[in-house]
Each structure stands twice: as C-alpha cells, then as structure tokens.
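A single chain comes next, written as structure tokens; it is the form predicted on its own.
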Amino acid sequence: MSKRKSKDAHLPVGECITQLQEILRKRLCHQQLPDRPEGVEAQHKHLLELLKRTAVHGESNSVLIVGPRGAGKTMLLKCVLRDLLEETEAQTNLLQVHLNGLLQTNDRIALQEITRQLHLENVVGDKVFGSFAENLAFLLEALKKGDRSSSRPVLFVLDEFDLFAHHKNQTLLYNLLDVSQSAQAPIAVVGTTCRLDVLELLEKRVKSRFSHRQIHLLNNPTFTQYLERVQTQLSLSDDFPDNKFSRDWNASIETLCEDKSVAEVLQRHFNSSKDFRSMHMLLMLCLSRVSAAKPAIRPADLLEASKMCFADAKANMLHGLSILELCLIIAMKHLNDVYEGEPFNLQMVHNEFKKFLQRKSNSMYNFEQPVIMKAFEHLQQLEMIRPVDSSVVKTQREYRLMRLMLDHSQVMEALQKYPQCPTDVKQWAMSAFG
C-alpha cells in the first residue's frame, strides 16, 4: 500500500483514541522532549555552547540553572544533551554523572554513585583513600585514554544543587569545582536549583572556584501564550495515521479553546500557577475522560478536571467523618464565631454540643463522655484541630486548649456534600454561621 493510501485509510475510532492517548501521554508526562523548547531559545543556545566546549574541546565549565519548580529546568537540560549528543565526538567521548540532592544526602553516598555511574567499581576495588579529593582524583585519572595525556570529558549534573551545600564542609562541591577550575580533567558541573539565593549558601572557598555563570528560567507567559500552549499540547501532528480523525480532533481542540467557560477555567489556573507541570496535570485529567463513546474533550470535562485539581484535601476528609465528629466541628466553629477565634477546649465544645441536644426532643445524639473524647482525639490525629501550646504541659486532656484548622467555607461545603446529613444538623450549622 502506498504512503498516500495508508494516510487516507480510516482506522476504527477505538484504535484512533488509543493512539491519540499514547501520543499525548508521552507529551504530557515528559517522556517525549519537544523539538525545541519554547520561550527559552537564548538559554538553550548558551547552555549548548557551554557544554560543547567541554565535550568537544575539553574545556572545563560550571553553570547554575535557576528557576521555580515546573519552569522547565530539567526539560531544557535534557533538550541540550539530546542536541549535544548528535555530534559524533561528544557521543563517543562524553560521560555523564547525574546526582540528586534528595537521594545523595552525603558525600560518601555521592561518591559511590559517581563510581557506579562511571562503571569504575572494579577499578576502585578494595582501595582505601585518605580523603574525598584523593578518591575523586583517582576516578578521573582512571578515565584517561590510552595515551595517558587526555582524559575523557565528564558532565556532572547536580539536581537540587542547594541541598549539596548542606553537606559537611561542602566537600563534594569544593572538589568538583576545584577540578573544573584547575583543568586537571575536562569536567562540566551543571547545577539546577529553585533557590535564587543559592550562591549565599556556598562557603568562600567554594564560591571562589565557581564560574558565577547562571541561567535564569523565570517562566512568565501572558494568558494568550498560555492558551496557545494548551492548544499546542493537545493538538495532533500531521503524521497521525488517520488524517480525518486528526483534522476533526484539532478542530475540536480549537473550538474548545475558544469556549468562554474554558477560558475562565484556564484563567483561574493561570492566576494560581503559570508553570507547565500543573497545566500538564490538568490536561492529563481531561485526556483520561476521552473514550470511543466520547471522542473529544468537552468544556464540562475541563471543568470537572479543574475541580479535581483544586479539590480541598481537608474538605474531602470531612466527608468521611462520623456524625458525632461533624457535630463537634460545628460546635467548635460556633465557639470561634462567638469568641472571635479564641482557642477552646473539649469541655467548652461538649457544653456547646449539649445546648444543641437540649433543643432536640429525641436522644439520637446522646453520647457518653469517653466516646466524645475519642472523637475529639480522632479530629486531632486528622490535624483538623491542633493544640495551642506545642510543649507537653501537664493539663487534663479535656482542658487542653485547641484551635480549629478549618474555615467557614470548608465546613459549609462539606455539609452540602455529606452523604445523608441530618437536616437538624445542617440547620444548626446554618444558625451557627448565620
């Protein structure tokens, strides 16, 4: 079958949906890198030139990529490495070591990881080294080529760079930057961090060996650019097997982005966070609702996905409480309203609950004191309430002062959604807030 015919072939809807979800999942879950990173072309060019000088010309460098979480620091670095490894010389020579401050919590673990990633476990064997510097020098010496004159270039990528600054004496950073400055071996040190004050964390001897090159990624798109990015992320490319499905899908995405209610939802997300990660999370939730029966994303899907993204964890926890625990929270809220946010104790809450019971003719909510105590402690375990004083003072449990960690809207929302909530409890809550 010719290429044209295969393009025009209509695949079953189910198969098209499966392929669509596979393509978009790869795109949204960062498994597939973009052809060129958007909005950071200058930073991409700068970093590529810097690493090319190490990989091809054997020149040592150090640089920091600084930006908030989700700004695309790792994506930028991965794109640069992909482009760099297209050069034959870099592909054959360059060695990479990736360290993360959350995983390599001290220099000993970091050194073991460097040895493992450079495949030098057999070379090191049972050797005992006097210092970190001696060990690192030995590793770099072992990487020298057969003529012993030139060493293979090594790229060290330090994720969460600021956490390495908390290591004892900053030995790892000092030695890596010392090697990069003294031209013992061609190495490039690239750090990624979300702390703007990262250089202030470095000791004087470490700071003096750092090149002070910083690449800032301050993601600040306009709403129009944000909307365009949403459309680009959801659109299918021309090489999709079924051309008709691809055209229909892209047209439906264009219509979706022009919808007023969709624009409002996206504006809310844009105002709360401009980073790509939260946007991808929202789009991923929308994509999961697409099926053969519903082969397009509708405005209602986006609205539902947005509610899930903004779901209040504490309000959701309230739905799982017992009626007694809910009554105690309403009593606490009532006390907050009466005493303007002053702390309360179990005895005060119990008295407030008794007032509610006195207005009731039936004894449906009559609970013993130990049961109420248990419910109160459960609320503390769930962190719905917390003690005012953190120190363990010898106060009777029922008289220990507490604060409520929920606000008016959270309690009211939970009451509306609470399954089969008794009407009188709702009315009491309304009166408490009214």
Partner chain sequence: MSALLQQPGYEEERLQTVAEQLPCREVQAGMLLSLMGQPHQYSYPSIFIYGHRSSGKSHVMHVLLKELELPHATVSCVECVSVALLFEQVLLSFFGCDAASLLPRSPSLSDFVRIYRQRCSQSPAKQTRYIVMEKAELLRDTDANLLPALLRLQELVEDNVTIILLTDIVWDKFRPNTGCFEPLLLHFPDYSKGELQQILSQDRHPSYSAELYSAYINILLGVFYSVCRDLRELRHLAALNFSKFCEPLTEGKVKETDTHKLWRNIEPHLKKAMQTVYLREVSSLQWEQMQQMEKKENGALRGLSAHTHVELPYYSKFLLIAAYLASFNPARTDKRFFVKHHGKIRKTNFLKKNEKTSNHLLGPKPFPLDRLLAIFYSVVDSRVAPTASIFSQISSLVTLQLLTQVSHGDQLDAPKYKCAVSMDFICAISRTVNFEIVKYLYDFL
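Keep in mind the model is a prediction, meaning the values are calculated, not measured. Positions refer to the first chain, counted from 1.
The same protein has a further form, the form predicted in complex with the partner chain, not shown here; the description that follows concerns it.
| request: Could you tell me if all three of 131, 203 and 219 have a heavy atom no more than 4.5 Å from the partner chain in the predicted complex? | output: No: none of 131, 203 and 219 comes within 4.5 Å of the partner chain in the predicted complex.
| task | Check whether residue 368 has any heavy atom within 4.5 Å of a heavy atom of the partner chain in the predicted complex, and answer yes or no. | result | Taking the distances in the predicted complex, the answer for residue 368 is yes, it comes within 4.5 Å of the partner chain.
| query | So in the predicted complex, does any heavy atom of residue 162 sit within 4.5 Å of the partner chain? | reply | Contact with the partner chain, yes.
| query | Might residue 29 be said to contact the partner chain in the predicted complex, defining contact as any heavy atom within 4.5 Å? | reply | Looking in the predicted complex, residue contacts with the partner chain include residue 29, since a heavy atom lies within 4.5 Å.
| request: Tell me, yes or no, whether residue 378 is in contact with the partner chain in the predicted complex, where a contact means a heavy atom of each within 4.5 Å. | output: Looking in the predicted complex, residue contacts with the partner chain include residue 378, since a heavy atom lies within 4.5 Å.
| field | Listed range touching the partner chain, judged in the predicted complex by heavy atoms within 4.5 Å, from 237-245, 107-115, 222-230, 173-181 | value | Every other range fails; the passing one is 107-115.
| Single option in 285, 123, 296, 357 placed near the partner chain in the predicted complex, where near means a heavy atom within 4.5 Å | Among 285, 123, 296, 357, a heavy atom within 4.5 Å of the partner chain in the predicted complex occurs only for 285.
| field | in the predicted complex, the one of 137, 196, 281, 257 near the partner chain [non-hydrogen atom within 4.5 angstroms] | value | Comparing distances to the partner chain in the predicted complex, the residue within 4.5 Å is 281.
| query | Which of the residues spanning 292-323 lie within 4.5 Å of the partner chain in the predicted complex, based on heavy atoms? | reply | Residues within 4.5 Å: 308, 313, 314, 316, 317, 319, 320, 321, 322, 323.
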